[in-house]
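First comes one chain, alone, set out as C-alpha cells in the form predicted on its own.
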C-alpha cells in the first residue's frame, strides 16, 4: 500500500506540530510521499508564513522596508530548527532569499519559499529525501499542470527513495520559472502526486477531524461525516464547506483514489473518507438520510414576470445573456409559469445591479420586475434521500413549524440535494432546525 500524506499549515505551525507529524508518519510505513504547506498560525495573534511573504512582496513594490516582517519569518524557522535540533543551514537560505529581494525576484518565487523551507526542515526531521516541487511539478504555459512531464520527473527524482518530502503550492514553468497555485494549492500538489503514483489513499491532514454534518459555529457538537461521495462533496464545498481545495478532487477522482481528511491534533480519529462510491459500505452501515447541511448568506433575487413568456422560445436565453454581459455568475434560476427568478451573489452585482435592471427592462419589457436582497441559500445534501420518500415534505413542515419562510426551493433531479432560500436572519435557525429534525431525531431512534 502507498499513501500520500499532505499536511496543512496548522500541522507544521511550530516544533510541537512537527513532532505530531513525525509520529503520524512513523506510525505507518505506507506514508511514503509527504507534501507540506508553509508554516501556519500558532495562535490567533500569529501570522501565516505565506501571508508574511506576500506582505514582504508588497513592501518591496512600494519601497517600504521588509526587515520587520522578514525577521518574523526568520525567527519562526530558527525556533523550529533549534527546538528540533536540525542542522539545516537556514542562515544561508535566508541570506539567499534576502539578496534576491534586491534584484526584483518574482512574487511567485518569494511566496513559494514558505513551502520550500518548511519542506526542507520537515525532510531532515523525518530523515526523508527532499524533492523540490520546482523539479517535479511542471506547468504548461497556460497554467495547467503537465501531468505527463510531471509523472516522468517525479518517477526519476523519487527513484530509490524510501520516503520523500515535497513542498506543496508551487511548481515550475517549462522554462524553469517558479509558478504558484491559488491559495490552498498544496492540496492540489498532493492530489497530483497521488494520481501519478496510483496511491491507495490520499490523506489530507489538517486541524479538523473531517467534514461535520453542519457548521460547529451554528450547531453545537455536530456529528462527523464518516464517508461522503465526491458528488456530495462538490455540493457541500460549493455552498461553503471548505475543508479541501476544489481543484484537488479531480486528479484523484479520475483514478478512484479515496481522500481521507484527518486531524493532526487527533490522529486516532478516522476523519472523513471521500469516495466515488460508498454503496458497499452503506449496505453494512447505512448513512443518515442527510449527509450534510451547509449554506451561505447574502444572495439577491431578481424576479421577472411577463405574460406568455413560458411559451416564448429563447426568452430565458435573453435574460441570461444580460447577466453574461456583466460577467455575473448565476447561482440558480427558479421558474414558474411566466415568472423567472435569477439568483446571484449580492457582491457580484453590487456595482452593476441598476444597469442590469435597465437592460432587462429594455430587452425583455417585463410586466413586473423586483429585486430582493438578504437571501441565504441552504443546501441539504444526501445520497440516501432518493430512497426515502417525503423528505421535501418533512422539510417544508419543519420550516413551517419553526415559522421560517421559504423564499426559494430547488431539488436536483438526481435527488442528491435540496436547496432552500430563506432570509438572512433565519439562516442559523434554519440549519439548526434541519439538523434537529433529520440528524438528532435519527440518533434518538437508533
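Computed from a predicted structure; not experimentally measured. Positions refer to the first chain, counted from 1.
There is another form of this protein, the form predicted together with a small molecule, and it is not shown here; the text below is about that form.
Student: Within 4.5 Å of the small molecule in the model of the complex, heavy atoms considered, which of 56, 380, 377, 38?
Tutor: After the contact test, the surviving option is 38.
Student: Just to be sure I understand the contacts: of 210, 222, 184, 366, which is the one whose heavy atoms reach within 4.5 angstroms of the small molecule in the model of the complex?
Tutor: After the contact test, the surviving option is 184.
Student: Of 24-32, 385-393, 44-52, 63-71, which is the one stretch near the small molecule in the model of the complex, taking non-hydrogen atoms within 4.5 angstroms as near?
Tutor: Answer to the contact question: 44-52.
Student: So in the model of the complex, does any heavy atom of residue 299 sit within 4.5 Å of the small molecule?
Tutor: Flag for residue 299 set to no.
Student: Does residue 205 reach the small molecule in the model of the complex if we count a contact as any heavy atom within 4.5 Å?
Tutor: Close contact is absent here: in the model of the complex, residue 205 is far from the small molecule, nothing within 4.5 Å, heavy atoms only.
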